[in-house]
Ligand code: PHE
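Below, in structure tokens: the form predicted on its own, a single chain.
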């Protein structure tokens, strides 16, 4: 048995020396030193060895097992070192090679629109302001000459907050940016030349409406302000923002907080003012060649009074337009569903 153990050791030495990778080395360890390996098989023959020689053979077997384990461990370490060395050579990083730039985001289309609208009005002296997007019923409706039974104050039209009621009424998610008018006038600093851009909320959702949208509110109050000034500002904005070829029109309308009041239309940029879309059907955006951008008019005397401003001394005009709808009318936009702006589809957003 002593000769068999020495022969086994020699086989292990030769096999380990010839091993080329860790998998082969593991197979050698299992074959010779595993629970069902050749060394274990040899030791089963100890029962036939004399009691006098059995301790000597057992000690030799343990010694050979330790030596074989040491050979295998040394070989494994050598193979790992060689693999790392080869890896360093084959996968060496070239620090001079241009890297791969991570994807970069950009401003959302509506942020760009707000910036552009702000810059356009700044050129004629309008100052950008910010007022609450969650406000009291008083500033959103009552101070704007809207009676308690006005349809806009119905819960089917406006989002009312689940909050305590105060002397100014309930709290609402502002359905328009006009809540800024009286707040601005209450400051008592004239002339007022304000542009307020903020989020608005209404219970509407279709190709031209979304529950949350942006509006920009313009307010100009001073002595001797007339409709001529209003038309001049609107014409300036239309030509600056949409281009010299686009047409606008004023339509008489009725708003509680302006008198006289108008709705402002612009020739549709999607169908070119024809009312017919690319699919030869009625244009989804305008239906008839003109798109309503928003309202405008001379500030109602009751609104001035609500802000403790003398309507005999001061007059002014106001206008409120939807940012999304306004931007969709820019040359080349060709977007026929306003809801696409908020679908968070990267294929759409990356175009802008």
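Numbering follows the first chain given and starts at 1. Note that the coordinates shown come from a computational prediction; the quantities given were computed from them, not determined experimentally.
There is another form of the same protein, the form predicted together with this ligand; it is not shown, and what comes next is about it.
Stretch 313-321 is the contacting one of 53-61, 25-33, 313-321, 283-291, since its residues have non-hydrogen atoms within 4.5 Å of this ligand in the predicted bound form.
Put simply, residue 209 is far from this ligand in the predicted bound form: not one heavy atom of it is within 4.5 Å.
Contact annotation for residue 215: at least one heavy atom lies within 4.5 Å of this ligand in the predicted bound form.
This ligand in the predicted bound form is approached by residue 255, whose closest heavy atom lies within 4.5 angstroms of it. In the predicted bound form, at least one heavy atom of residue 296 sits within 4.5 Å of this ligand.
Distance criterion of 4.5 Å from any heavy atom to this ligand in the predicted bound form singles out 202 from the list 128, 202, 75, 229.
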